[in-house]
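Presented as structure tokens, the chain that follows is alone, the form predicted alone.
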Amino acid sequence: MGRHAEIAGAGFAGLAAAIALRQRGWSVRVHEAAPTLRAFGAGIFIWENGLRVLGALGARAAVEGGAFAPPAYETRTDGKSLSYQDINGAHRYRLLTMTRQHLYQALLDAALRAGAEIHANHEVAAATPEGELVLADGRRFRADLVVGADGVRSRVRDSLGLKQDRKRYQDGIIRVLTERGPLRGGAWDHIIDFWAHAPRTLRILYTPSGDNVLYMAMMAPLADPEAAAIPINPEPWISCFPALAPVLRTLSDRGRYDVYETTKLETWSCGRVAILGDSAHAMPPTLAQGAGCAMMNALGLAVALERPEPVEDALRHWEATERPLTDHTQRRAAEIAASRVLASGMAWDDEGLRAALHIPTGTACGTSTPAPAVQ
């Protein structure tokens, strides 16, 4: 008889885990608290490591088909260009940009093709180390494996009493999507990291995410409520970035303000329960690896569970294998967030981009990546 998994959370981590487990013969049921299956309306970066995982999950072609491949990444601080890095094409770094919904839909479609059972409006309340998932309405589901991929405020994680270290930072971010309007062609096709120190400290990570789709990650300090306000007040932003005025004036009540924070667990598992994605290792978006690490660890989890040993032992092996890179990436992302060193045009290096250059478990030639299971 095949093994069964119950997954809390139908985000990037939960869907990636569902696909990878189904590919290996598991039956899978996914529970999503939200009433609909969709992603928050913003943009996202996917580096080569994430693309490799998407390939193993059968979703890469769909993702690449609607993604944008910027030719360069620039940093401009107080109107001066401080750094320039070629990307995509024949260059070393592969980095695609897209809306979160585009990535989400590709993963959702792949999960459904693989035969995962997915339920919206299923609020999870808790889990037990013995492998039981408990819904808020009292229903209980037994499984060989429970996956807690239910986000930063994970009820699965918290119900298990896992020790955690959470930290909030001095800055937060407003994520918005809008039309590119006149900002097209030439340098406007680049990712541009705009910084200003006068008249106030603000940042806009300008990211083309389609022919007429623009994603902007707008960083404002907690101590600047005028710039951090929702609905967005365009005036403080235009005073710092006048070239972006045509799009800044269109934002209205779009976006939300989220403070940078990290979550670090003492352990990623408890009995038959694995904690995945932001539930285990939320990180500031300064290296654009939150989704990448979540998907890598989801695939790595499924590979580890192929081992001929009890689930509890396989989970310990999974953490020992995958955690060092995630810990490094989370730590480096936090250092960058705390120091604001990106404003100086920080050079790209292998230390900062270790995850981006990594070949994830389950994607290298010769590793186990079986074809999707059929119902």
Ligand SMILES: Cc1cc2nc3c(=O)[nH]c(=O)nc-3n(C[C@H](O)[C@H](O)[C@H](O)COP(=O)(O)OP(=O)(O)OC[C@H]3O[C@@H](n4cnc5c(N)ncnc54)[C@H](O)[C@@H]3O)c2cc1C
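For every residue, the number given is its place in the sequence shown, counted from 1. Since we're looking at a predicted model, the values are computed, not measured.
The discussion below concerns the form predicted together with the named molecule, not included here.
The candidate spot formed by Val124, Asp258 and Gly292 lies fully in contact with the named molecule in the model of the complex, as each residue has a heavy atom within 4.5 Å of it. This chain is displayed without the named molecule, yet in the model of the complex the stretch 29-37 from 302-310, 29-37, 51-59, 343-351 comes within 4.5 Å of it by heavy atoms. With the partner removed from view, the residue among Pro208, Pro285, Pro236, Gly131 that has a non-hydrogen atom within 4.5 Å of the named molecule in the model of the complex turns out to be Pro285. Distance criterion of 4.5 Å from any heavy atom to the named molecule in the model of the complex singles out Ala149 from the list Val146, Met219, Ala111, Ala149.
Using a 4.5 angstroms limit between non-hydrogen atoms, Gly14 touches the named molecule in the model of the complex. In the model of the complex, none of the heavy atoms of Pro360 sits within 4.5 Å of a heavy atom of the named molecule. Taking the partner from the other structure, the named molecule in the model of the complex has a heavy atom within 4.5 Å of a heavy atom of Ala10. Residue contact check for Arg100: one or more of its heavy atoms lie within 4.5 Å of the named molecule in the model of the complex.
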